[in-house]
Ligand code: PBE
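One chain comes next, on its own, written out as structure tokens in the form predicted on its own.
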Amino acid sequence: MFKKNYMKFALVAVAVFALALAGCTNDVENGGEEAVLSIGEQLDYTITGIDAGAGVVRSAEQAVEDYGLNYTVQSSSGAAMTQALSDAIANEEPIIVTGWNPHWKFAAYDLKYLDDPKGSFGESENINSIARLGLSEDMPEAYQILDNFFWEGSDMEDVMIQVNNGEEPEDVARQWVDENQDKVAVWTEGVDAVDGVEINLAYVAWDSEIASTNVIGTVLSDMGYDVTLTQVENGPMWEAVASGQTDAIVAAWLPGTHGDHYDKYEGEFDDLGPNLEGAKIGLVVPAYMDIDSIEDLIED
């Protein structure tokens, strides 16, 4: 009796051990819990970017080269990038995006820039207002308002957050202007109103530039201008203001992001200087990711 029970126990133990061993092997081979994947492997070595040709995308591609990374910068759009970021955070998954601020995502999520010791993304940037040549003579009042236009990153983020929450940009701009008449008064000080003069502002469809262009468009409208806002891509935006097809832009990220366009058309536009200072671009990750520098993406 004892021998029979012992043999039965021994056979069961061997079977259980074999199954456990097989399970562990399959877990490792199939990427289970025992398989430790690098950040690059989890991300399929992809950095989620915005529209192709954007300065932050070019800088990200430069960073890939400077740091010798085995990554591809996948271009998409600003909206697609923020949606991918939102989805990853909802599932607490890793993601690397091309980021910039001011931007509503920094208020909505706990994010961090990866340190950039090689300086691939350059220093902090300004956002400048650019007018077509001759605007100061043709529309001196609008020119003066555009030249006076200056606000803080927190102002821009107030507008961006509400737009991201589903409100119409022109409605949010109207509310911001109504609630910040002290700042608007500085922009319009000493400027006479006009009667239906047409003016066209071009902008690229970034959250930041949707905010600034709608706000300054609202101010110009209040001063009597018939304002048209035209959404274009980066290259056409600069070509339009340089050729005089549009009157002005308030969306020039300098010196890095739009530096190539600035150099290409220099002398064919009027640079009115910054309307916002201290903007920044770089690679951005959720704060829960255990990396702090672009160098942490380097693999042997």
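Numbering starts at 1 and follows the sequence shown. Note that this is a predicted model, so its numbers are computed, not measured.
One more form of this protein, predicted together with 1,1-dimethyl-prolinium (PBE), exists but is not displayed; see below.
Residues of just one listed stretch (268-276, 241-249, 37-45, 51-59) have heavy atoms within 4.5 Å of 1,1-dimethyl-prolinium (PBE) in the model of the complex: 51-59. Between 1,1-dimethyl-prolinium (PBE) and the residues Y203, W100, Y225, W151, the one pair within 4.5 Å by heavy atoms in the model of the complex involves W100. Although the partner is absent here, I281 lies within 4.5 Å of 1,1-dimethyl-prolinium (PBE) in the model of the complex, judged by heavy atoms. Although the partner is absent here, S208 lies within 4.5 Å of 1,1-dimethyl-prolinium (PBE) in the model of the complex, judged by heavy atoms. Residues of 221-249 placing a heavy atom within 4.5 Å of 1,1-dimethyl-prolinium (PBE) in the model of the complex: N234 alone.
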